[in-house]
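Below sits a lone chain in C-alpha cells, taken as the form predicted on its own.
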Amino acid sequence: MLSPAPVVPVILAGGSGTRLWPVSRDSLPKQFQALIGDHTLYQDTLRRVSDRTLFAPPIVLTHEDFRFFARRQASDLGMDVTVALEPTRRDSGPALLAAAMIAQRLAGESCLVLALAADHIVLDEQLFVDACRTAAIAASDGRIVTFGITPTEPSTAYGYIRPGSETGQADARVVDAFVEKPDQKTATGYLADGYLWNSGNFLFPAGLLIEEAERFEPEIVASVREAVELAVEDLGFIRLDARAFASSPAKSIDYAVMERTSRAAVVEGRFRWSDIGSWDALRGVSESDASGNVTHGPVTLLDSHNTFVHSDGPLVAAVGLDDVSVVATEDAVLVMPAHRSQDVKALVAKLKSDGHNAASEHLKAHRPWGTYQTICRGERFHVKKIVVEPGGRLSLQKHYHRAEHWVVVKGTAEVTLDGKVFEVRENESTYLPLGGVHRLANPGKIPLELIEVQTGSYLGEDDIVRIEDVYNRS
C-alpha cells in the first residue's frame, strides 16, 4: 500500500561519534565510514529509503565540515539529495524542525517526514520498509510516530518505550512513557513487561511536529523559522542563517516534544537494529568465529576468545586474549576490556584536554578536492602525500613562512604560480617559493597524486592566505 502523503526522509548526519575513537573522530565521524560492508553508514541509510513508491528524495542535515562528504557519497550511489547545513550544533530539536520546514517547502505542507540518524545499522531492510509503511498510515491520522525496537537482551545502553493502548490505526500504539537508560535489573523487568528499545527515529506530519513544538518550545520554533526563511543557497547547499539558528535553545527532540506531547505513538520495528554507540555494539552486529572472536582488517589471533579486533591498516597479532577489544589505526591504538567500551568518550575527552591532536584529527585529512596525509615531519620540514580528485581545485593561496616542492607521482597537475599556468606530469616536479601565489588543480580523469615537501620556519595549516576558493571556504 502506498503512503497517504509523500514521505520525505530526513537524514541527520552531523554527529561526531567519539565512542568509536580512534576510527571515528571529529574530522571524519563514523557515519561517513564503512564499518560494516562496502558502504558507509550514511550510504546504507540512504539506500534504505531508495524506494520511490514510498519515499521522496532525501534531505540531509549536516555540519559545514561534512557537506562535501554528504553530497559525494550520495552521488556515488547515484542519488540526488538536498543538503542543508547547520551553522552550529543545537541538538536534534532545532535540527528536525528546520528539516520539517524545508520538507514543507519541497514536498508541500501536508508531507510526512521520516527522521533517521545517519549512523545507525539496520540489518533487515524489508522489515524496516514495512514498519515505515505502517508508521506512515498512523502519522497520516495525526500521530508523531517513533520506532520501538523489539529488544534482544536487557540492554542498559538504550532508552525504553512503554507501549500503551492501540491507536486504531495499523499496528501503532499510544506511547505511555519514555524511560531513560536503566540498570541491569530494571532492564530485565522492562523486557518482561513488553517495553521496546527507543531507536530515536521518527515519522510524523511536518506540520504537526512544528505545531506541537510551538506549544512547548515557541522560542525554538521562532529561531528556526527565521533561520529557514533567511537561508541562502551556496554551491547548491541550503545554508541556514547562522545568527538566527544560534539563537535557538539547544534541546533534543525527545525533551522538546516527544516526552510532552499527547500525540506520540509507537510502531514496533522487528528489524535488527543498532545505534552503533560503542565498539561493543558494533561487535554485537558482526559475525564471529568459532571462538567468539570478531576481526576486521589484517588481524591474526592465537589462543584468543570473545575478542574484538579492528584494524584500519597495521597488522594486529595477539596471543591469549579473552574478552578484550583492540582498535588500531595508522596513528593510534585503543586497548580495553570489552565491557568498558562506553568509557571511550571519557578517554577522548582526556586526550583532548592533554592536547593530543589524534583525539580529533585523522592522519589523513579530507578536503572538498581530495585528501592529504603526513608521511614525515621534523622541526623545519613536513612531507605529505596529496591526492586531488578529477576536477578538484585547491584554493589560490600563498604562505608567509614556508616554501614547497611538488613531485607528481601519478596523473597530471595543473599548476598556477604568480599568474602563470603550466602542467607538471608524472616524475616531474616544481618549486613554489615562499610568498608565491599558487594553485594546484587536477584537469585529468584519474586522481592526481603528488608528494609535497614543505620547508620553512613555521609549517602550521593556518599559514594559508586564501585569495580565491571555488568551495567558498573562509
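In this text, rigid core is short for the largest set of C-alphas that superpose within 1.5 Å between two forms. Residues carry their position along the shown sequence, with the first being 1. All values reported here derive from a predicted model rather than from experimental measurement.
Absent from the display: the form predicted in complex with another copy of the chain. The rest refers to it.
- Looking at another copy of the chain in the predicted bound form, residues A56, M79 and T150 place no heavy atom within 4.5 Å of it.
- The single contact residue among I137, A157, M336, L191, judged by any heavy atom lying within 4.5 Å of another copy of the chain in the predicted bound form, is M336.
- For the candidate set E180, D303, E233, D183, a heavy atom within 4.5 Å of another copy of the chain in the predicted bound form is found for exactly one residue, namely D303.
- Heavy atoms of S429 reach within 4.5 Å of another copy of the chain in the predicted bound form, making it an interface residue.
- Among heavy atoms of V465, none comes within 4.5 Å of another copy of the chain in the predicted bound form.
- Although the partner is absent here, L106 sits far enough away that none of its heavy atoms falls within 4.5 Å of another copy of the chain in the predicted bound form.
- Of the heavy atoms in V453, some are within 4.5 Å of another copy of the chain in the predicted bound form.
- Residues within 4.5 angstroms of another copy of the chain in the predicted bound form, judged by any non-hydrogen atom, belong to 349 to 357 and to none of the other stretches in 197 to 205, 111 to 119, 349 to 357, 283 to 291.
- Residues of 362 to 390 lying near another copy of the chain in the predicted bound form, listed in sequence order, are I375, C376, R380, F381, V383, K385, the criterion being any heavy atom within 4.5 Å.
- Relative to the superposed rigid core, the position of the CA of I375 differs between this form and the one not shown by 2 Å or more.
- Shown in the overlay between this form and the one not shown, fitted on the rigid core, is a CA shift at A403 of 2 Å or greater.
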